[in-house]
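What follows is a single chain, given as structure tokens, in the form predicted alone.
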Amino acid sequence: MDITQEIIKKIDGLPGTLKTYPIRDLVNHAEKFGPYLKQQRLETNQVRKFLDAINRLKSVLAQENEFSKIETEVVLLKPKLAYAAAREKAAKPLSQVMSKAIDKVRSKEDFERLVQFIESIIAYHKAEGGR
């Protein structure tokens, strides 16, 4: 099973929402997925809009401290990912994994886990030489 399917299976099998994704599993997956994305020739600028949107929502959440204020925007990240994947084949695995993760985001704690996940993936992607 490739790493994309392995992560999707793990997220699908979580007993609850995304906050139940064990942090050690999350980091282990990111450690494999970041280099995989690099191999697929994914450049950070190809997911820049997604990352910018995540960071903007993170900032709004820090100010408002209420998940309902950003929930709509969180769900609308899925079409942004689909667009990125349609434009660039290399973004497809990231789109598949993050869309699955977004489906499990229902609270502030879930969103924080989503942020940890994308930041970990990008960190390992960059560590592999991704730009």
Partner chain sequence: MTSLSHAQALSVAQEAVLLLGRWAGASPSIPTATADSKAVTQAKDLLKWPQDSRSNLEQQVKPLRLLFDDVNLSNGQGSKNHYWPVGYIKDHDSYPPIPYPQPNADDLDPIKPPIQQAIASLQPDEWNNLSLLMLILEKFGSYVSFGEQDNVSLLDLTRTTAAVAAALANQPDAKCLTLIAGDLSGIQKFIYTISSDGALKSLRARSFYLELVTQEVVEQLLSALDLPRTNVIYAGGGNLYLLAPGDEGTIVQNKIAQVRDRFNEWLRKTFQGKIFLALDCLPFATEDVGTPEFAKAWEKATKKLAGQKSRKFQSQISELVKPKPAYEPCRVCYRDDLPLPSLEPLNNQEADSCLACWMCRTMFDLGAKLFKVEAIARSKQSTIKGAQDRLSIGGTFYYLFEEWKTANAIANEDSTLFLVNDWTLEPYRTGNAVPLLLGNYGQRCPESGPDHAQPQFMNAREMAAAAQGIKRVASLRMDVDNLGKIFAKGLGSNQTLPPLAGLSRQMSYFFKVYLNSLAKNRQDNLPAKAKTLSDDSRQNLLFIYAGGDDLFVSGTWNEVVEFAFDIYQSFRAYTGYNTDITLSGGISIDGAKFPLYQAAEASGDSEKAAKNNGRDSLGLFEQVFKWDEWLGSTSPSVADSDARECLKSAEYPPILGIFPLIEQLEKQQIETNYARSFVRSLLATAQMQDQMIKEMENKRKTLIHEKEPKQYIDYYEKEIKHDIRYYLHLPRMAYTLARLPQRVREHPEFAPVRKSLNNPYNAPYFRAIATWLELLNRSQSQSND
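It should be emphasised that the depicted structure is a prediction, and the values quoted were computed from it without experimental measurement. Numbering follows the first chain given and starts at 1.
Form predicted in complex with the partner chain: not shown, discussed below.
Proximity to the partner chain in the predicted complex, taken as heavy atoms within 4.5 Å, picks out 23 to 31 from the listed stretches 66 to 74, 23 to 31, 49 to 57, 94 to 102. Contact check for M1: every heavy atom lies farther than 4.5 Å from the partner chain in the predicted complex. Though the partner is left out of this view, K19 does reach within 4.5 Å of the partner chain in the predicted complex, counting heavy atoms only.
Heavy atoms closer than or equal to 4.5 Å to the partner chain in the predicted complex belong, across 117 to 131, to the residues S120, A123, Y124, K126, A127, ordered by sequence position.
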